[in-house]
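As structure tokens, one chain now follows by itself in the form predicted alone.
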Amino acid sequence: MKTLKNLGYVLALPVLLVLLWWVSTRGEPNFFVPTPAALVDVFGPTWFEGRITADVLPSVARLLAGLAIAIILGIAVGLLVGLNRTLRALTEPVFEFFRALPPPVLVPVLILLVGLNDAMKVAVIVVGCIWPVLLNTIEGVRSIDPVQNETTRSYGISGMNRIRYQVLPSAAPTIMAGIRQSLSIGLILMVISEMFGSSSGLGFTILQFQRSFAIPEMWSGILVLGLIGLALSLIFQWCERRVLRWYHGLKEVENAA
């Protein structure tokens, strides 16, 4: 019964939105907004006859590569800066400057530096996704309880052991929040990077549909993007529950008390 109740909560809003969409498109047809039936009709032929391997999978691969690089670099640099007060003071103005730059404006610069290739598309994702992870890691390390720091010093825990057993677990909730932010940013930048001088990918294909007035096909591409975002969110939630199992357990105990 609990499973059915949770499933109802998950599906209630999507079903309601589809019903509203269906009702709003029942009257006079709108060229720019297809009906749900028209979208279903074009979805299969559009994406399951070659575009999955030619456009969707390469786009997802570039997205995952960019996210992985951004997460690894963000956590590594964030730990280094967060543990060094002097380094943090020196780098904070520079980090805030680059964080304020919208990543899409750097696309022309990256095209000049890297070229029109997959490396450029991955670099665009890295440049945009690294900042939430980096800054949240710095903040998570900086806000560690001073009592914990004193305790680890008194027990002689230092170096990599301190980072592994005290710093990373303490900063993990904040780091995971930064990774969650980077997922949506990465999906947006994946599309934007493929709209510049590209000949494949989801962004390129959706743009081509728009330019050729293939409106149902264009909306089907947007639906694919939404499904990819949903899959990323579900996978992240699964990973977060396992990485932060101790944290959620602690919160449950505190709430019960």
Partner chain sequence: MSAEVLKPGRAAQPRTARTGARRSVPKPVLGLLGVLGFLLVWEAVPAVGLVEARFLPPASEVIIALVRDFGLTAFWLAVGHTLMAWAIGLAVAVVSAGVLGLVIGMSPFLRRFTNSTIEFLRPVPSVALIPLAVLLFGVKIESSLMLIIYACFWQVLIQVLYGVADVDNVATQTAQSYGFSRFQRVRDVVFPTVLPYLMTGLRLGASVALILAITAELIIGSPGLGREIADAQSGGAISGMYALVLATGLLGVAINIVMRQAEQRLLAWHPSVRGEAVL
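Fair warning: this is a prediction, and the values are worked out from it, not measured in the lab. Residue numbers count along the first chain shown, from 1.
There is another form of the same protein, the form predicted together with its partner chain; it is not shown, and what comes next is about it.
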property: Option touching its partner chain, based on a heavy atom within 4.5 Å in the predicted bound form, out of A119, I72, L113, L80; result: L113
property: Heavy atom within 4.5 Å of its partner chain in the predicted bound form - the one residue of P36, P45, G229, P58 that qualifies; result: G229
property: Partner contact for V23 in the predicted bound form: its partner chain, 4.5 angstroms, heavy atom; result: no
property: In the predicted bound form, Q210 touching its partner chain (heavy atom, 4.5 Å); result: yes
property: A76: touches its partner chain in the predicted bound form, heavy atom cutoff 4.5 angstroms; result: no
property: Its partner chain contact at I206 in the predicted bound form, heavy atom, 4.5 Å; result: yes
property: Candidate spot P14, L225 and Q237, all three touching its partner chain in the predicted bound form (heavy atom, 4.5 Å); result: yes
property: Residues of stretch 21-59 in contact with its partner chain in the predicted bound form (4.5 Å, non-hydrogen atom); result: F32
